[in-house]
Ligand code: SAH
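Just the one chain here, laid out as structure tokens, in the form predicted alone.
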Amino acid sequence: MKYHIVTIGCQMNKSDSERLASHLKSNNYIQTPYRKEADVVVINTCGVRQSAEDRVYGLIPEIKKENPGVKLVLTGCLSERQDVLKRLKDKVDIWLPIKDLPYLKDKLKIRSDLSKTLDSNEYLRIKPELTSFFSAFIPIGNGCDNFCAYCVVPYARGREVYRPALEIIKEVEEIVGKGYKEINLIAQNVNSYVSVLPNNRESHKYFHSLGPKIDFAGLLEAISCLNGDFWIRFATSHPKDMSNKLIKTIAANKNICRHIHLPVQSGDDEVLEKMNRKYSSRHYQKLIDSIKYYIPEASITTDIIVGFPGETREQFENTVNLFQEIGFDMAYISQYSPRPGTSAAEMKDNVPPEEKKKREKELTEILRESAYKNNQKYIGRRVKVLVEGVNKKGEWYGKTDTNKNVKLNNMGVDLQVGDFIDVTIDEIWDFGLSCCPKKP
């Protein structure tokens, strides 16, 4: 029996797909890169944006047309949405909330709705079938308690549940022992992580100095103590839970990457309140000031929603001002689209599409200027780069610990994917660096 997995969406979905692959492989399924050859196709869905949801609706008839006998499994964010179930009930064979992954084997044998569900941690204990040999996603938890007005995640994944610290550390230790160079700790909100520590403090040397619990800063520091030459990244952080303790922990440990992704969503306090974000623009600015003070070399990236229901031009200007004051290295700017089941879906979506597009374009232009300005400090600097691959033009590329893309042209040395190399930056553009500029 052969399987194929289609993954749409975030890093957490990619990690979930690795556990899906491992589960299928352990039950004697063989992976195929071709959908038309598969006996089972799993679509790991995302419902954060309408475009991601629409992609699923387009994919299903394509798959059924090219492979009429396929068994279609739908998991991820859309798997528990009743409106999606109603729309696709005759087109999908198995509905699989991701926490029910251990039951997939049974569901493939007989189509039935299982009333029993597992704790969200159970499926995270499945050993993943990693798709990279140098970079790994390590989920530290699942779910979200924040209930931002626009977001489906708490409804799709449930409330926050976090893995025991020792379990995470052991998984990282095993992966680093295999030579992995980049560890990505992921959760819907990493910096609200908390775990009760085992009574046996001998299980990890770092636990000796801690109380009965460990937070995310403690988890980061414990992992940074492991032997090996590797980087630690993490995503995503919520500003209301970001602390100076965490910022100082990053500053004190050189193998924790100097890249902080901190979604602000809006620069206007009234809009932030309507979004249920639980912080003010001033609080966010103070966090950025603290990051720049303790980690001056850090790159700072964010998420923004333009055209949230009721957002006036004046309120949008506050976001513009925030953009100009902070000078982000990168921002993922989205035009608001209502998501079924969220509180914002009950609000009047009264910002015209053309205005949303205009606001996105305006922020993008500011972003290009700030990103280019930030990159200027790299010219002539010696930086460490993790080699990631070769693009379609035959150019090697990699990434710095500040998450800057680097073209590795005319190096004069043999490069290997997954290696760390030191290079001197000679050329920059708005969203990237180069260690050897092309001659005219």
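In this text the structure is predicted, and so the values were computed from the model without any measurement. All residue numbers refer to positions in the sequence shown, first residue = 1.
The next section is about a form of this same protein that is not shown, the form predicted together with this ligand.
Using a 4.5 Å heavy atom cut-off, which stretch among 379 to 387, 61 to 69, 395 to 403, 45 to 53 contacts this ligand in the model of the complex? The contacting stretch is 45 to 53.
Report whether all of Arg19, Ala136 and Asn184 sit within 4.5 Å of this ligand in the model of the complex, measuring from non-hydrogen atoms. Contact check failed for every one of Arg19, Ala136 and Asn184.
Option touching this ligand, based on a heavy atom within 4.5 Å in the model of the complex, out of Leu124, Cys77, Leu219, Ile305: When this ligand is considered in the model of the complex, the option within 4.5 Å is Ile305.
Sole residue of Arg81, Arg277, Lys107, His259 within 4.5 Å of this ligand in the model of the complex, by heavy atom: Contact with this ligand in the model of the complex is made by Arg277 alone.
Classify Tyr150 as contacting or not contacting this ligand in the model of the complex by the rule of any non-hydrogen atom within 4.5 angstroms, answering yes or no. Within the cut-off, so yes.
Contact of Ser334 with this ligand in the model of the complex (heavy atom, 4.5 Å): Result yes; Ser334 sits at the interface with this ligand in the model of the complex.
Is there a heavy atom of Arg339 lying 4.5 Å or less from a heavy atom of this ligand in the model of the complex? Arg339: contacts this ligand in the model of the complex.
So in the model of the complex, does Ser370 come within 4.5 Å of this ligand, heavy atom to heavy atom? Taking the distances in the model of the complex, the answer for Ser370 is no, it never comes within 4.5 Å of this ligand.
Which residues in 245 to 264 have a heavy atom within 4.5 Å of this ligand in the model of the complex? Heavy-atom contacts to this ligand in the model of the complex: only Pro263.
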